[in-house]
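Heads up, the chain below is alone and in the form predicted on its own; it's given as structure tokens.
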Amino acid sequence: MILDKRTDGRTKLTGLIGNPVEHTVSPVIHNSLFSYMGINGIYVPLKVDASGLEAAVRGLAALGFTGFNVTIPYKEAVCRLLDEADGEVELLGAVNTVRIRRGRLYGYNTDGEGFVTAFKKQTGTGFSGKKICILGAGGTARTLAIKAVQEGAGEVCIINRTVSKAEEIAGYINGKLLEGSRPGKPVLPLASGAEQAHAAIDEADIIINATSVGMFPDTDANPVDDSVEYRSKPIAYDVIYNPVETRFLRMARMKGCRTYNGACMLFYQGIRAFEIWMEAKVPDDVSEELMASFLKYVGV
């Protein structure tokens, strides 16, 4: 019998809290990074119920974890549990990476950086002057809307079933983030299914699904009505990576759109999170080799 000696009392503990976590492939990224970098560490997914969120976070600190990621639906709720947050968390109102030092919780958000890096590498284009529709009004939608505006988007429409949540994000960006810096109100909140929302989708340059609609196991769901024609043939981007092609992406592809899933976004935000925890830069050659293997693994 071969002895398993991968972990010991000096192993750096990291992980992911969220609900659900059964679909995640983040352990593949981080555990591979530990191996590539020669670091004695491990990354585990941890399913946490909402009622036990604070106890779970405090428990990770008490158990000596080096850090952890935060995913749906806790990216906003964990903010109130932090001891300190960097400027990106304060700007975006959401946290996806926590570093633990001497029992204190330091929050970061690597989603925005990961998204922008991945989108530009995948599509060969950026956001400057583009008409962008973002589906959803949760923490991820807020992050992507802010980053799109920072990148010079010409117009951003936030489309959500509960329009008041879209209005909250739009009001923050238009009133606090952009006040006095550029004319007009570039962020527009719209209700899903409304005629104005359909028109915005048909005229968009880029459509981003920032909801969990269509994620495994509910793979038949689509945040956009199947009848939408995508007349402008926009780039369709889904932050979901499981399944590889959601119904949203499949319908958009069939109607002539270029489509991309969130695997690259996950990869680049993961690289940055790992660097924060380990306080070390991942070499470019390691990152490129691992990305090629990871994308092949997830079927991209």
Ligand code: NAP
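Just so it is clear, the structure is predicted and the values come from calculations on it, not from any experiment. Rigid core: the largest C-alpha set superposing within 1.5 Å between the two forms. Throughout, we count residues from 1 along the sequence that is shown.
The following text describes the form predicted together with the ligand, which does not appear among the structures shown.
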query	finding
Every residue of G136, N160 and I240 near the ligand in the model of the complex, heavy atom within 4.5 Å	yes
4.5 Å heavy atom contact, T97 and the ligand in the model of the complex	no
Heavy atom of M215 within 4.5 Å of the ligand in the model of the complex	yes
The ligand contact in the model of the complex: I207, any heavy atom under 4.5 Å	no
Proximity of M265 to the ligand in the model of the complex, heavy atoms at 4.5 Å	yes
Stretch in contact, per heavy atom within 4.5 angstroms of the ligand in the model of the complex, of 198 to 206, 67 to 75, 125 to 133, 87 to 95	67 to 75
Core-aligned CA displacement of P73 at least 2 Å between the shown form and the other one	yes
